[in-house]
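Coming up is one lone chain in structure tokens, specifically the form predicted on its own.
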Amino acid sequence: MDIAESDAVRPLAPQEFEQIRHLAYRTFGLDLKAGKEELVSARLRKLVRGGGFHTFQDYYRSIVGDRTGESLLAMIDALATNHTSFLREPDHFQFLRDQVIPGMGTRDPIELWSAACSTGEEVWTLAMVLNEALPRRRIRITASDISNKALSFAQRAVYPVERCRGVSAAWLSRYFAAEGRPPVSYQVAPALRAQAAFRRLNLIESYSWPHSFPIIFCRNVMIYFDRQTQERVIAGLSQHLEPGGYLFVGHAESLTRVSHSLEYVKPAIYRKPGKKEAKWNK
């Protein structure tokens, strides 16, 4: 047997897929349906090989036996989808600018939560929108994600030129520092970065914040959960939403089949019953 053969990882067997699938569901709510075997194999193979394992079974056992939890976090990082972009689903930001911000009155600071912030594009888009609309207010954005890898990227806040194509030249000039000539990447300006605080958080576990939020963005994460998990996540988000506050979800994430206490506002935007904008100042 040559070295290449001795290093080979055996194909993912059906029972191994089931083990990993149940572990992913139990620990972070990811619903890996049948047909995702190839995706799981492709995303985890590097970790299996890097750990010196020849089978996914051995890799699974190592995760379960790792009391530090580091192996599980590495698996989550590999399986979590971190696709996002600046100004993704732009009508959300238009609604925020036109309908939500005017109702803030003299409120200061303005605080909101990006509950599945991925690599940070949503966080910095929110920061730019709020700074444009309320230039003299204090902006505080709480940002969380389950992936340490995504959070590290978001905190560095350096984005290749191609990922900044949706950002206007005026915003690039005002809120970013170009790196290279011609620019090869842009870093979010220090003043904007200071407005965001990042924390690793698993939305299906119990968690708490010191206060509730008037605005929560949790977009394009619930599509990976089954209905029972979605209801648990929405209940947690609602608990941390102020009466009268807004929850933004992804356009692919209708809550029609999910039991919740929120009022429908328009597609992918919901509101917690309670006080109206006129009484929303603090």
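Start at 1 and count along the sequence shown; that's the residue number. All values derive from a computational prediction rather than experimental measurement.
This next part talks about the form predicted in complex with a small molecule, which is not shown.
Contact with the small molecule in the model of the complex, judged as any non-hydrogen atom within 4.5 angstroms, is confined among 200 to 208, 97 to 105, 179 to 187, 154 to 162 to 200 to 208. Contact annotation: of the candidates 131, 147, 195, 125, the single residue with a non-hydrogen atom within 4.5 angstroms of the small molecule in the model of the complex is 147.
The listed set 140, 174, 137, 88 contains one residue whose heavy atoms approach the small molecule in the model of the complex to within 4.5 Å, identified as 88. Residue contact with the small molecule in the model of the complex: residue 230 places no heavy atom within 4.5 Å of it. Contact check for residue 73: every heavy atom lies farther than 4.5 Å from the small molecule in the model of the complex.
The closest heavy atom approach of residue 212 to the small molecule in the model of the complex falls outside 4.5 Å. Mapping the unseen interface onto this chain, residue 167 falls outside it, with no heavy atom inside 4.5 Å of the small molecule in the model of the complex.
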